[in-house]
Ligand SMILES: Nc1ncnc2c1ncn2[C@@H]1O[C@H](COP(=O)(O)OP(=O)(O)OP(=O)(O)O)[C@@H](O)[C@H]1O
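In structure tokens, one chain follows: the form predicted on its own.
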């Protein structure tokens, strides 16, 4: 029996634009909807909202513009996609850029997101690492990072996650009046011989034992789910394991590599044809790969890798 009040929030980010976040958002949403989950997709790529194109529908007339400028409740902005159980809230905002949304507006948006009556709320984040994007990432029950197997994409993903973790720790310590401590040590990291965020955390624990439990609790609650996109060889798949090691070594966090998608020209054909990929190419290898990592996300499992 499906629990109609599950309300799981998934946010899909990664820092760099063009890694396939929007395609993966649309595909995950379509797969869940096909399997009788009630899903709403939210496109918060303000200024570049195009999630509707991956669903094969016209740009919705209603969007987050109505929410921010006219006070329309978020639930009233969801439009049908032509796919049963799947609706969309468009992020097309004419009057604002993503970094100009006020703090109170952001908090109001988050409250409305959490009240949406769907089993799954899947948020497609824009590129970049400004605070509004990171804060939206941090409200999710599952934080999903999409990365291509190329050095620039990996570096952008790492910096995005580092910024997200640092912001989470600062906000948590602020509640206890300790924000100045973490800011002071990070700004003077050369003096304290701190090379990365993990060393900062260790130094804070050693120097201020009373905030150790706070940091441990925040880090244990910070899980990143990794998806590799556009892989071209079997060796590319093992970049997922390498990314896990990098995040553990330099940030001290445990990430889960849930799956990958091979490079596939049919993905871009589906966009040109204005047909959702998971419907148009449901029997393709890429569709099966998407199904596999979505199931891993649902169950909190990792991809099992076996070296030949």
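All of these numbers come straight from a predicted model, not from anything done at the bench. Positions refer to the first chain, counted from 1.
What follows is about the form predicted together with this ligand, which we do not show.
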Within 4.5 Å, heavy atoms only, which of 258, 261, 243, 64 is in contact with this ligand in the predicted complex? 261
So which of 142, 230, 168, 118 reaches within 4.5 angstroms of this ligand in the predicted complex, heavy atom to heavy atom? 230
Name the stretch: of 102-110, 222-230, 83-91, 189-197, exactly one has residues whose heavy atoms fall within 4.5 Å of this ligand in the predicted complex. 222-230
Even though the partner isn't displayed, in the predicted complex is residue 271 close enough to this ligand, meaning a heavy atom within 4.5 Å? yes
Residue-level contact is defined here as any heavy atom of the residue lying within 4.5 Å of this ligand in the predicted complex; does residue 149 satisfy this criterion? no
Within 4.5 Å, heavy atoms only: does residue 251 come near this ligand in the predicted complex? no
4.5 Å heavy atom contact, residue 267 and this ligand in the predicted complex: yes
Could you list the residues in 169-185 that come within 4.5 Å of this ligand in the predicted complex, counting only heavy atoms and keeping sequence order? none
